[in-house]
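To begin, one chain is listed below as structure tokens, in the form predicted alone.
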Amino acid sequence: MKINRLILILLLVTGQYSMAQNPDISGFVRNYTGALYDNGDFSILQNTLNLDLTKSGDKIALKANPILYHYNADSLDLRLRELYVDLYFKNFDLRIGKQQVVWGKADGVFITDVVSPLNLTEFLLPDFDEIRTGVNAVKFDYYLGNNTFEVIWLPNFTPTEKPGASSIWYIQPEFLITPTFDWSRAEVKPCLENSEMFIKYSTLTSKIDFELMGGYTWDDYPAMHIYKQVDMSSGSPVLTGLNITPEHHRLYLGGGSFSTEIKGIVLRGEAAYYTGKYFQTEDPLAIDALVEKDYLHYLVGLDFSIKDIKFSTQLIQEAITAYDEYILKEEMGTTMTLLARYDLLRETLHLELFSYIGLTNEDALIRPKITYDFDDSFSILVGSNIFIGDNEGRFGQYKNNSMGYVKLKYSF
């Protein structure tokens, strides 16, 4: 596409200029080792080199963020998280290239934060700046006093990255009969008609910080169209085959978020309403075991401190409108999060507990960790990921994946 050629030309020209001007280089080297409590198997053996190359001027800036993951002797994964150029004008900015976009006020939950797709190959365990995937985009920000108007255009669709069949995070769907798969509709062809668009208005005042957003996008998760093959020769229907056709569908969404402080307590809220969402159904009259419904996702949260301990909690709900009894997903799902953090020894030792608590399925993910900063550049983190549940729910399905881990990190 012409826009991709323009992005490439701008980045190459700007990159040559910036490299000649000695860019600022920062980043980190990290060793990450984790083992399952169940059998002692290593769940993660990872070495990471993360580089941030930046160069800023009065009217132009460049950022490149390559990351190299090393898993074993012959497994290297080189990713380019971001590579973009910023152009500064009097009342507006342009960012062109591969970039991460972070929207909303939620912690550990993605509601209006939907521009950048996710890398869920390790579920929700990595740091959130590593979970988000960079996207090719043109971002336009116009400033008017305390108000910002933002428009983002994505020329091509990037889906959420899911774990492979050999991963401990892969859940094998159960079928009464072995299905066949038709992947002919799984890809969204890069073209102008299939591009995505997002808009956001935000303002910051002395009393409230809020955002309004909208999007014309694709569902990051493909709908699994299941077509049944039935034999009627015996006089009654007999299931003889299943054909599954994954397909991404268009979504329209609108929503917003806010945060405000009331007597030392920060109140946060966020919500998004989706149309065009597909859900699995057991309705015998459904042609392909899917039904289209609108969908609401929202939360309210509180941030506060008790003495020197910082707390944050959120109540999150997901609701399907015009619900019917055949839909496999529950009509309303409720989750809570709880974060407690305590810093001591002149803020060199950090104790933290973060938990997802699934109230609907009575499951949870509990994540305690201790971090010690030896100096400004080197730290050691010891943590645990504890899954609770009975093979059901978002977290209970991973009850055998509870683990302990250690991260050694050198920043420069």
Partner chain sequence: MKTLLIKSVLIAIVFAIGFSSEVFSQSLTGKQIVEKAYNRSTGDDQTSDLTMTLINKNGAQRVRKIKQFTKDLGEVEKSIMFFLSPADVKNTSFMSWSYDSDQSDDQWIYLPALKKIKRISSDSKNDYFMGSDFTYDDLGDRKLEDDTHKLLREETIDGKACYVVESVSKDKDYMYSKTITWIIKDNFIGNKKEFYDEDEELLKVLTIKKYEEISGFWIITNSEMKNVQKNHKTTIVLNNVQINTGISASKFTERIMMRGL
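Predicted model only: the values in this text are computed from it and were never measured. Numbering follows the first chain given and starts at 1.
The following text describes the form predicted in complex with the partner chain, which does not appear among the structures shown.
The contact with the partner chain in the predicted complex, taken as any heavy atom within 4.5 Å, belongs to 206 out of 206, 166, 172, 234. Here is the short version: of 148, 334, 160, 280, the single residue with a heavy atom within 4.5 Å of the partner chain in the predicted complex is 148. Only one listed stretch (218 to 226, 83 to 91, 292 to 300, 191 to 199) carries heavy atoms within 4.5 Å of the partner chain in the predicted complex, and that stretch is 83 to 91. Among residues of the shown chain, residue 329 is not one whose heavy atoms approach the partner chain to within 4.5 Å in the predicted complex. With a 4.5 Å cutoff on heavy atoms, residue 74 does not count as touching the partner chain in the predicted complex; it lies far away. None of the heavy atoms of residue 177 is located within 4.5 Å of the partner chain in the predicted complex. When contacts are judged by a 4.5 Å heavy atom cut-off, residue 266 counts as touching the partner chain in the predicted complex. Along 102 to 139, these residues reach a heavy atom to within 4.5 Å of the partner chain in the predicted complex: 102, 104, 105, 106, 107, 128, 129.
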